[in-house]
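Let's start with one chain on its own, the form predicted on its own, as structure tokens.
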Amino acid sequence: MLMIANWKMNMSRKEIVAYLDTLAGEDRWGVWNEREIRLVLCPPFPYLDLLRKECVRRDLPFGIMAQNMAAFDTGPFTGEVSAGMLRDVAAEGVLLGHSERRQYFGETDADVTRKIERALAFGLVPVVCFGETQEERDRGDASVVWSRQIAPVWEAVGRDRAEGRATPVFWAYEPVWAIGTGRAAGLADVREVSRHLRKTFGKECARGLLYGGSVNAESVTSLFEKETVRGFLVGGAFLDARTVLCIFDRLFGRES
């Protein structure tokens, strides 16, 4: 079970230290980690190495992923960060294809596919985001959008598997109409996505399904179903360390 905190363009050095201090004051993390219930933090690029060092210093078993990466290994790409660079600062994975990257920076399905190829080549665990807009949903095209966004990426995963690698891949269903709106999909919607992945791409693909989109302490319990989702990609709610504790307790109880 993965609980991924996407901090987006938020948090300062001081805020990160305070955040970790709050979480380090709890004794639950080791027990949960042993049960494969993991908190993964996705900070802005400048804080990846700081976050790693501060987690080690506090003996916090959190995963660390980046929010994005380039589709190139090296070269004249000002402002970009490569998969090799992420590995160099001990990131274990990367978010790819987030709707905000698609909407604000023009990323295409082809761009996402090229990025996942580089991520897999460097052993980074990809969390690939997909989801439909309200307009696409209203037209009845949601499943068409899911397949369009996933198919080329799943083909890239297949090529990677054929080369003998078996890096885990996760799929974060983020209905665009739910992101930042306070509206979350219902469990029936998430089950529909799971069925579609299983029918179209197979059981292995469906086993990596996560949910994101206005996840908070209220919505998360109604969407949690072990047979359907492997975890959640959480935005604004996980900027508050106390909300992290609240959501973990709601889902998993006090395990320590």
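Just so we're clear, the structure is a prediction, and the values are computed from it rather than from any experiment. Just count from 1 along the sequence shown to find any residue number.
In what follows, reference is made to the form predicted together with a small molecule, a form of this protein that is not presented.
- With the small molecule left out of view, the stretch that reaches within 4.5 Å of it through heavy atoms in the predicted bound form is, among 135-143, 117-125, 73-81, 170-178, 170-178.
- Contact check for residue 68: no non-hydrogen atom falls within 4.5 Å of the small molecule in the predicted bound form.
- At the 4.5 Å threshold, heavy atoms of residue 215 reach the small molecule in the predicted bound form.
- Residue contact check for residue 233: one or more of its heavy atoms lie within 4.5 Å of the small molecule in the predicted bound form.
- Looking at residue 92, you'd find every heavy atom of it more than 4.5 angstroms from the small molecule in the predicted bound form.
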